[in-house]
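A lone chain, given as structure tokens: the form predicted alone.
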Amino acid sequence: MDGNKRTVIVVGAGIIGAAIALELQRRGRQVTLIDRNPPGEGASFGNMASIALDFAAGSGPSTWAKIPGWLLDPEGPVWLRPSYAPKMLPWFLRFIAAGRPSRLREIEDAGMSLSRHALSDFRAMLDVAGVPELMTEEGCLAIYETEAEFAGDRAHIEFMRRYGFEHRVLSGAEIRDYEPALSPSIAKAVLLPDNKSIRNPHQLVLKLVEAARAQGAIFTPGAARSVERRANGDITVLLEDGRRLEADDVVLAAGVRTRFLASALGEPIPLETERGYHTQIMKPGIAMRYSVIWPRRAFMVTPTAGGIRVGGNVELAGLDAPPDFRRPRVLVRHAQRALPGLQVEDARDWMGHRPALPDTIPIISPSSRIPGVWYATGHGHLGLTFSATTARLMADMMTGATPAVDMTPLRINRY
């Protein structure tokens, strides 16, 4: 270790924390990365391996109209456990407020400011880590079973046109030319050529941490209990086992658990968990080139991690409720409707916690109260997508460089 380097503790060793640790270490910081679990074993383990550049705000009039039906449908894309509903109310009211037309365009602009850089930043990060082969060159197909279903997604299609997002509408047999495994019942598809996939998202996190450690970073197992600034200006991270780690700067990138650390610092943030499920099928009986997303049913199928992964959906039930593995089985049934040859052999189910903010865009920001504390959290469904860009922007701010995007919409005190 170089005692002359400015020191940084990064709390959280998922894809966001690992990417930040590598970028800061590369820029001359001395980084200590900590996590209660081994690297990449939280939400980053089970994401859908998709670089999803077609950012879309979660709220808005079209979403509001669907919510009652989703909540009443036991196989719908959103499920709210009744016992958790009172705790969700403040977050949900903010979610509705984020969908006001005047606010919606601001959110879309902020999200797309990140998306525009995401693919090039991701390629650069893979090159730094020495693993460019972990990204596929195939894109994604959004599928629609009927013309009416396609028409119902017109707001998202218009969004892509407005922001110049590359896409191509496919019909009939042309769809099977791209992905033969899809059912002939699929009437329309939209090819998203820049929405690449990662061959193994858990392996990616491990490779990022390995690359950071090769440049001098340290990984220390431990669960952060609190953060405080000392009189001498150092930041102290107190771990649950009683250890105290000190650094010049601390980055809080602990996913949904960041909310506890932020609250203790006097900066409460409306961070909730959107519990997501997947089924990893190692003997699927089919081969796929493209990832496939079915917008109406809110799930995705991706060839990744040596098999095919079916996942998505949103369950609102907090951090402590046990998993409900009926949810991924519903997704698999929907997937078999789109992919009739899909078999479910040598399969395992998984559940993880996406850190979700009501306005959909993440917090990438210095603390508004405590110099030396920084936040990178709330990426929701787009943690993998925005990981490299988040790392670059965070490193820019921390080293005095000018970020490539307007950071104002991403500030922690915007609520």
Ligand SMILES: Cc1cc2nc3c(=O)[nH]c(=O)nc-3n(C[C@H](O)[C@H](O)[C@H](O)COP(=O)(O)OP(=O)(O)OC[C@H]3O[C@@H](n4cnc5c(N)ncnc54)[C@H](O)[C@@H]3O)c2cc1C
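Numbers for residues come from their place in the sequence shown, where the first is 1. Here the structure is a predicted model, which is why all the values come from computation and not from measurement.
Omitted here: the form predicted together with this ligand. The next part is about that form.
Between 180 to 188, 90 to 98, 247 to 255, 333 to 341, the stretch whose residues reach within 4.5 angstroms of this ligand in the model of the complex through a non-hydrogen atom is 247 to 255.
Gly380 is the sole member of Gly380, Gly60, Gly372, Pro358 with a non-hydrogen atom within 4.5 Å of this ligand in the model of the complex.
This chain is displayed alone, yet in the model of the complex one of Ala223, Ala264, Ile218, Ala321 has a heavy atom within 4.5 Å of this ligand; that residue is Ala223.
Contact with this ligand in the model of the complex, defined as a heavy atom within 4.5 Å, is made by all three of Ala43, Ser50 and Thr385. Put simply, Arg27 is far from this ligand in the model of the complex: not one heavy atom of it is within 4.5 Å. Interface residue remark: Asn37 is counted as part of the site for this ligand in the model of the complex, having a heavy atom within 4.5 Å.
Interface residue remark: Trp64 is not counted as part of the site for this ligand in the model of the complex, having no heavy atom within 4.5 Å. With a 4.5 Å cutoff on heavy atoms, Gly111 does not count as touching this ligand in the model of the complex; it lies far away. In the model of the complex, Val11, Gly12, Ala13, Gly14, Ile15, Ile16, Gly17 are the residues of 4 to 20 with at least one heavy atom within 4.5 Å of this ligand, listed from first to last.
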